[in-house]
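Given next, in structure tokens, is a single chain: the form predicted on its own.
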């Protein structure tokens, strides 16, 4: 019996989207387009040694009777203890006590800056816990588990399904497998990005998304008529402006790239600018550089 399992999940930058809430989190989600990155998240799930069930027994203050409390899973990101809300939902859906699990995630990506790190950790935990605890779920079932957990946590609407697919995914219909539908842009450009800071995904998604959704629907319709990488960036830039999400630093960087003859846009949702080719380099920035991830998330071979 193995004591740990590791998955790799690509980072994901959303260029534009429309929000589609639903009481059923498997049906809720987003439509839009983005790019998955070879800069991703390596997620290792390990059995924890905190006890047989990872829980403790305490007295219920209302009844005085003994009650079991399950300890939360220990999650670290690049060696630091963090809280990733969807992890608990994933483990609960798989019938795994959080106290029996520790999760170690490693990534070069900035957190909270529009790279889908929370979705990546959720999906990586689903893949790892499934094999570690012998749950026997299919890939689509695991993607659904992670998608539901992220929607319920309010940390994202479309990253998980895109990360499961890879490439330059176009989310045609919202929701998990069996509900949503995806296509893709058949190109694999070089990707550059710079990050200036964080934005709260939950704050944006919990607010009025009417204008945002209208802009996203318009961009998706135009992209389907011309599904190219360059068109996706241009429509993403238009979307960021129409949805009122541009910050001053992001807007200035986009202007710099366009003045240098390239094009760029904002990552949703983060204070991050991304471009294909050498757009940011040509504009005088020192960007992080990676490629499009040609495949989706999956388990890594045992070492």
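In this text, all values refer to a predicted model and were calculated from it rather than measured experimentally. Numbering follows the first chain given and starts at 1.
The next section is about a form of this same protein that is not shown, the form predicted in complex with another copy of the chain.
Interface residue in the model of the complex among 84, 132, 215, 185, criterion: non-hydrogen atom within 4.5 angstroms of another copy of the chain
Only one listed residue qualifies here, and that residue is 185.
Another copy of the chain: the contacting residue among 161, 120, 149, 142 in the model of the complex [heavy atom, 4.5 Å]:
Selected residue: 142.
Residue 137 near another copy of the chain in the model of the complex, any heavy atom under 4.5 Å?
Because a heavy atom of residue 137 falls inside 4.5 Å of another copy of the chain in the model of the complex, the answer is yes.
Check whether residue 211 has any heavy atom within 4.5 Å of a heavy atom of another copy of the chain in the model of the complex, and answer yes or no.
Flag for residue 211 set to no.
Look up in the model of the complex whether residue 112 has a non-hydrogen atom within 4.5 angstroms of another copy of the chain, and give yes or no.
So residue 112 does not count as contacting another copy of the chain.
Would residue 294 sit within 4.5 Å of another copy of the chain in the model of the complex, counting heavy atoms only?
Yes, residue 294 sits close enough to another copy of the chain in the model of the complex that at least one of its heavy atoms falls within 4.5 Å.
Okay, which stretch from 89-97, 122-130, 103-111, 76-84 lines another copy of the chain in the model of the complex, with non-hydrogen atoms inside 4.5 Å?
Every other range fails; the passing one is 122-130.
Each of 174, 220 and 289 near another copy of the chain in the model of the complex, meaning some heavy atom within 4.5 Å?
No: no residue has a heavy atom within 4.5 Å of the partner.
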